[in-house]
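Take a look at this single chain in C-alpha cells; it is the form predicted on its own.
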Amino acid sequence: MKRMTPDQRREAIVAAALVVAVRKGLASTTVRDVAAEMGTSSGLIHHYFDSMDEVLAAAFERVAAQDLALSAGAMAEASSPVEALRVFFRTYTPADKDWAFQLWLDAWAEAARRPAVQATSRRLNLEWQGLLEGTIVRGVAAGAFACGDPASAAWRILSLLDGLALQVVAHGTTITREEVVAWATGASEGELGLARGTLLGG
C-alpha cells in the first residue's frame, strides 16, 4: 500500500472525525474515537493536529464549507436576484442534510469552549450572511428589492431561518418544514418589499 503524504493523513483524520461527529456529536468526539475509527493510535492524531479542537473545527468546516459552496454556486447561476433568493431557501437546510445542520448546532454549542470551532463557525456564518447580503444588494440595484440596509436584513433573515430550522432538526415535530419555508420567505418578502408569495414561486 502506498504511504500517505502528510496532507493525505490529515485529510484521513478529518474524515474519520467527521464520521464520529455525525454519529456521536462534536462534543462527544474524542481523540480516542477518531483513532479507533482509523484503526490507529491516538499519538498519530496528536502528531498532525495540535488539539482536538483543531480536528473538530476541520471536520465541521469540511461539511459547512461544502454546503456554502453548493448554495453559492447554484445562486450564481440564477437568472435574477429573486430567483437567487428562491435557490437560497431551497438549498439552505434541505431535508436530506439534517445531519449537517446538526453539526452547526453542535458547533454553536461548543464555540464557547473551543476557540478553533468558534473561529470556524463565525467565519462561515459571516460568509453565509455575506452571500445573502450580496444577493440583496444586487436586487436593490436592479430595482427588484426595496431595502435600505441589506446587511441588517440579511442578518435578520438568516437568524430567523436558523432559529426555525433548529426547531425542526432538534425537536422534530414542533413545526413543519413547510412552516419554516413559509415563515422565512414571508419575512424576507416583507424585508425586501416583495409581494406575498413571490419567493415561493418559480
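Predicted, not measured: the structure shown is a model, and the values here were computed from it. For every residue, the number given is its place in the sequence shown, counted from 1.
Omitted from view is the form predicted in complex with the DNA, to which the following refers.
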item	value
Full three-residue contact with the DNA in the predicted complex, heavy atom 4.5 Å, for L105, A111 and S121	no
Residue stretch of 65 to 73, 131 to 139, 37 to 45, 150 to 158 approaching the DNA in the predicted complex, non-hydrogen atom distance within 4.5 Å	37 to 45
Contact flag, M4 vs the DNA in the predicted complex, heavy atom cut 4.5 Å	yes
The DNA contact at D33 in the predicted complex, heavy atom, 4.5 Å	yes
Contact flag, S51 vs the DNA in the predicted complex, heavy atom cut 4.5 Å	yes
Any residue of 55 to 72 that, in the predicted complex, places a heavy atom within 4.5 Å of the DNA	none
